[in-house]
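Just one chain is shown here, as structure tokens, and it is the form predicted alone.
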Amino acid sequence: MLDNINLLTLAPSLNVQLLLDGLFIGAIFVLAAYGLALVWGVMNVKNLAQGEFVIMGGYLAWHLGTYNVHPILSLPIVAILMFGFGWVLYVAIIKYVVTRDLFTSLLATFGIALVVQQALNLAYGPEVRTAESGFGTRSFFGGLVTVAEIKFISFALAVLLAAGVIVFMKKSRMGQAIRATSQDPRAAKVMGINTEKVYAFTYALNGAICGAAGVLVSMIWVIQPFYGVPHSIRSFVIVTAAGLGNLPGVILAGLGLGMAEQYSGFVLGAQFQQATVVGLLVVVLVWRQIQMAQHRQVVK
């Protein structure tokens, strides 16, 4: 570990490489986390199947690739399919747990996660897969820093998708209805907003966002039926650290988590990369508990 730290100080280009990789992958983390923030903030449902939605989107892109559909061109198709999948899940399961306690929603979404994992495993097998984009690699600083072109493209697509969702939430009638419902569901219902439809649309929109994120993951990373759990944990870390409704916080936390993963993987070893995410979740939860305790003391 000390040797790796010394290497970072002796070779500044390594820091540039890690920062760029963290930035590119962190942008995708932001997408999935924003979807979780929507569902959590509007419906008060902690979606433990968040990562499975991401992986499912990746497999859909990979599957369409077997029919010679480029992963980038498959992105809108996957988003639409995942939107429909999310809507069906809401009607079949989620609508019955929205008004229930926290444990019920956690149990229901955990069950969904297990079913999606096993369905993907049965359909595609346990092998690690990647959706081939066909793009090359660019070198910088005399070849000391190399970045795959698809990472630049994925970063740009992630930014465009995030901007599109933000504009939709601010300008469209459904987006305004979602924001009103998240603030006060009863008042929104009195004002004539169909909150049931808003809930269904929100959960379906989350599915579409995760599906789009999964397409990007399948191109710059790898997918496997049981890789959804780390993505779910990442989303929880980001949303918990940033707070609900804090979009700038979600962006900063997502990019920061991406960079932290890259550095921990280099310094501690790839085997500790996921442990870093879990450790950060514990730290964030403890920090939030301390904040809540301090707030209670101030109120008293």
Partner chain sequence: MTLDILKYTRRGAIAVMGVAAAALLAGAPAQAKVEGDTITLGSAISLTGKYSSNGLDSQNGYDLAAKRINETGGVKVGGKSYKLKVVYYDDESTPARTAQLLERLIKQDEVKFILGPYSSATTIAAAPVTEKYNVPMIEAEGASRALFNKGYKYLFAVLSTSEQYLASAVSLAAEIAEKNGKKPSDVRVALVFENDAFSLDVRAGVLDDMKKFGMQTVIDDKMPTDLSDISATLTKVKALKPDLLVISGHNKGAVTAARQIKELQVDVPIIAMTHCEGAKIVQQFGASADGYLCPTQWAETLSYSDKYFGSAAEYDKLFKATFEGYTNVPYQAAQASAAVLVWKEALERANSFDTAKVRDAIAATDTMTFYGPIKFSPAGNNVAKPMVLRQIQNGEYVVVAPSKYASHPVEWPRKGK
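Positions refer to the first chain, counted from 1. Being a predicted model, the structure only gives us computed values, none of them experimental.
Another form, the form predicted in complex with its partner chain, is not on view; read the next lines as being about it.
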Please identify, from 171 to 179, 196 to 204, 126 to 134, 73 to 81, the stretch that has a heavy atom within 4.5 Å of its partner chain in the predicted bound form.
126 to 134
Please determine whether each residue of Ala163, Gly245 and Trp287 possesses a non-hydrogen atom within 4.5 angstroms of its partner chain in the predicted bound form.
no
Is there a heavy atom of Ala158 no more than 4.5 Å from a heavy atom of its partner chain in the predicted bound form?
no
Contact of Leu144 with its partner chain in the predicted bound form (heavy atom, 4.5 Å)
yes
I'd like to know if Ser154 sits close to its partner chain in the predicted bound form, meaning any non-hydrogen atom pair within 4.5 angstroms.
no
Might Pro185 be said to contact its partner chain in the predicted bound form, defining contact as any heavy atom within 4.5 Å?
no
Single option in Val222, Met191, Val91, Val167 placed near its partner chain in the predicted bound form, where near means a heavy atom within 4.5 Å
Val222
Residues of stretch 14 to 41 in contact with its partner chain in the predicted bound form (4.5 Å, non-hydrogen atom)
Leu14, Gln17, Leu18, Asp21
